[in-house]
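Let us start with two forms of the same protein chain, each given on its own as structure tokens and named structure 1 and structure 2.
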Structure 1
């Protein structure tokens, strides 16, 4: 066993020699190109996306996960999927919806008392500071129910779900104001505010839309419903929004479709919704002074609906909070330029994009120059008094993203299956590229901020058709990476997306994200605070209060403490488990056989599994995350005694007996192992390891393991002193297990130092 550890010290040298030998017989680049039919252009595209082993991406993308209720995280330019973040639906690998802490988050997402088992995530948004993405928090909406989730980018876990108290559906969420004061959520299909009932015959009178401004408390990392408000809007189908920036800060823009207010009725012989909702040549862009609306709300000029403050249309009109302007037919996206001077809108049943001037809009409002009012009395600005320019782009313009180059915007053309690159200042098309197929949203790197990064654009396509290996009638979506660094766009990569129907995505420079690699010891990840049930090794215990049993447990490579938990049939059992590891990526899981339990316990995290022991039996529990060489031995038993059961006296029957010779052999091996560990310690401490936080953490973890080893060694020696060779040998074996873990960590630290240029002190 010692020789195995010693060999590990030579692994790097051996690998270099082996690699050289293999390299001599490898195919040449020309061989590979010929065999696979690749062109020079293919190789250039591949080189632009290739990220070597151990390399990191320049940007991180957060994409909606559609019907999965999740968010997908991947890197650019590699397009490697890094994580799924669960928000509105349970997900067992991360323990979301399986531990009591995350169950409380999902519980808050009930709508009218109903538990929902899925969500339809659409539009993620990252917090901003002065209009720049800051990488602290992420918001996502649920179209299937009017909900908003808050995700901390400190640990990529959902912290909160809030339910809109007045909307029955929404699509236009989430969009943040430039300093994340508010998260904007707009209704989609009109309803009776408060989710009440009225007959469709009273659609015009009783049905309404709305836009909600959720107040975000940055310090708490939570939306504060008590400081949030909504603005009542006409029963047009509101869609997406964007907040003004710089010169237009304090304003928000929400477009709409079906301004015809048609309600369908195929079953009664009337034409369907799609016919009645597409008759007019234009719809309405809502222009809202949210800063002034905030003042009106704080002044108490609101109506309470379901205990939520709503500024009525009557008040909004009287206070000059909302105005309308015609926009292209059936628009989808509304996007404010980085300088805040222009608002770009495309109509998916039109061929052109419209660029509105914020300066012209303000001039019309100040001069009260209106072409009239809508049926509800909201002032309407004439299109010609608000337009900067209109540009024919192609069929089905939907969404827009901005480049780092001044005045350059990219627009998705759904029907044409193309992306158009154009100049919104001068009003001219610069380039087009075909994609595969039927693009919906698109995302440029930080393309919605005041300082877009450019470089890459991703086309989020609704159809893949023939792009990938067939996997049945349900095809993946296709995210395509496009190089936008030059004058001409270049398609680089196809990425199949086997998750829901992703809609929008947002991208941020990777360097702006500062996620944790471990929690402070005993953290409740859903609150960020210390968990009241956290314990350190040596503090583990089982407490009983009537039929309620609490198990305060630790998990560390490769055992749970306690390992045997005895309860009675009918008891409610809470396993409150703390991962005592400090090394990066040393996650443990926890599952109890036949019970619907799976926890994810990252280093330092404390989480709770609560079950009712309703059936007698011997139920194994085990670690579900392959954590070490002895992962399969990381197990224990929940012993549920039948009602009225009386335990018989007797010693534990074990499969093997140990002698003094076994103990001596094990301790000799341990002494030799310690010599190897000491040599690694010398190697590390002779170098500037303190300059590498990753190695400092590894050293901390290895020190913990050696402290555990010292405790096991003391127990082994105590048993040996009383000639209890059985326990002496077993404790000596546990002493060695801790040594092996310490050695493994030490080798990881040594390799890291070698690869990152550590120098001898």
Structure 2
């Protein structure tokens, strides 16, 4: 009553006629539109976003994951979420914070000795070359603890977390200079630099803001804290920043709110922060000459706070590094135009956007034409000497992104729940579109670079009150895709954001990204170096040093080597595992039951699961990633012997005995299976498969499997030669398992050829 698989293979081949399932639809297009209530406009939007199986997106968005502490990666125009990359928060699927290699990254992210288990991610930034996004690395900041994460876009893994040595609160990061020389991180709520204490009665005197310039070492792919510095600033709440570009390269711009320096206290009858921090009509834009600041830092004109070089306000003023200009009112976004000539600021409590001219600012600075100084002595440029234009847009202008069309910028209007498209050269509004509801940031494709790509804009909405099926009191956010290719903006798609509240996003042309599909054999992915514990198949071993046990292991479809690991209660056990697969997407996982550990082992990766075997028992370890038909059988036992347990003599008991008859039956089965595999091989090799790199990779993988099969076959035959029918039968079974894996891959290759128009040679 059991049909073994080789008969099935034949049956399947005969069954191909039924497989042409993509036949004509029973419902016509008109039927479907009527049933689903779609308009013609909806259908066009559907056509502009729907991406058929196997299709690719034109742009990739890297969105902050908000309080999830992650990066969310999605495609445009399909708006399909492709991946969450964890940065500040442990995430078990990726093994992040569970393997020893990534724990080292999180360990470096401790603040003042305190372990942190999350991050409030805000503003991602992609590395730039000459102001153009280059897609090599990604940065993102944490508002809940002043930190910056570095993610490699070669493997989409977090490589580094650096802790700001002086801030207690930050928000205005990350922004990169045009050649990624520096990553900018600005303070938010003032504190005592170095995270010290002073009473609030000394707020004006002892509390400070700052902006930190983190040096990025492109070759190492890491921030170099030893070459980074900060600039002390007044206790305004610094906010977003942007780096100058082209004509304004060498400068950076950081805005602020609460220039009132108000300290709340509603519990003692004072008006709350929100009132006192929004009373004035203007706050301050900080204009910083970072290139000159770098020189001042290199000249040693710094004060060390927590071993970190800080240029004091006094020095900054004396050296002419920082100037202020008023900006209306509780602003958020400060965005430099693609040509570097203008700085666009939205004031959330203003109704207009303000466009500052870099040329005018420079002229005022050169001529020392200031309207005065702020309470800390920083020169203030009069608004009229810096403004190019102000444009009434609506309620709550918040953030700006640039189009590929000259002079065109898009501004989010928080209170109006609209996006305004306007001309910042001429100072006129071109179009508006309503969103649902309450847009925070927006992102245009490469819209912050020197070469914006236009085409699409995404509105990062804060609410989703009436947009989606209800999922309880905590709602998703809503990212709305807008077509900006024409004169008028068109809403295309609503994407619920299922996890976290993204604050900001950045988007890059997909073709610029060239991530790896596998690691070089034995890579520690968190360092990029060869892992010292990596082993090749055949080199696996268990080493004991006192109570420390190291298990050098490999993983391949569908077994670990070794499979049985015996330790004593109280031992520390490190499983250092290398995935010895070459095949794309052939990831294995590793967990030990009840022992709170998980690894994600992509092909070529080596990672370490470290546990303390503090509880005796027989614990299964297993592959946590569905890797093959025999995935559930990819298991083993960690035997933790109780203290004082005296082992009885005894071999592993056999649950089932096999005879020569079993062996003969299995080998006959294998021979039949091989015939089918051979027929698939013929099918593939008769076609121009070498023209399809995907199929070439599959054929390589299948060849690997057949080599393993040959190896198992040899073992079976050797056992049979000595009439050990038990092992002969089981190794013959293993030979068949490799055949099944080869057949699996062969069928994938065959399908690919069929669907991609391969031709018979």
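Think of the rigid core as the biggest set of C-alphas that the two forms share within 1.5 Å after superposition. Residue numbers count along the first chain shown, from 1. No experiment lies behind these values; they were computed from the predicted model shown.
Engineer: Deciding between structure 1 and structure 2, tell me which is the form predicted alone.
Structural biologist: Of the two forms shown, it is structure 1 that corresponds to the form predicted alone, while structure 2 does not.
Engineer: After fitting the rigid core, is the C-alpha of residue 673 off by 2 Å or more between structure 1 and structure 2?
Structural biologist: Yes: residue 673 shifts by at least 2 Å between structure 1 and structure 2.
Engineer: State yes or no: after fitting on the rigid core, is the Cα displacement of residue 64 between structure 1 and structure 2 at least 2 Å?
Structural biologist: No; residue 64 is a residue whose C-alpha shifts by less than 2 Å between structure 1 and structure 2 when the cores are overlaid.
Engineer: Align on the rigid core first; then say whether the Cα of residue 700 has moved by at least 2 Å between structure 1 and structure 2.
Structural biologist: Yes.
Engineer: Core superposed, what is the CA shift for residue 754 between structure 1 and structure 2, in angstrom?
Structural biologist: That residue's C-alpha sits 4.6 Å away in the other form.
Engineer: With both forms fitted on the core, how large is the C-alpha shift of residue 744 between structure 1 and structure 2 in Å?
Structural biologist: Its C-alpha position differs by 2.5 Å.
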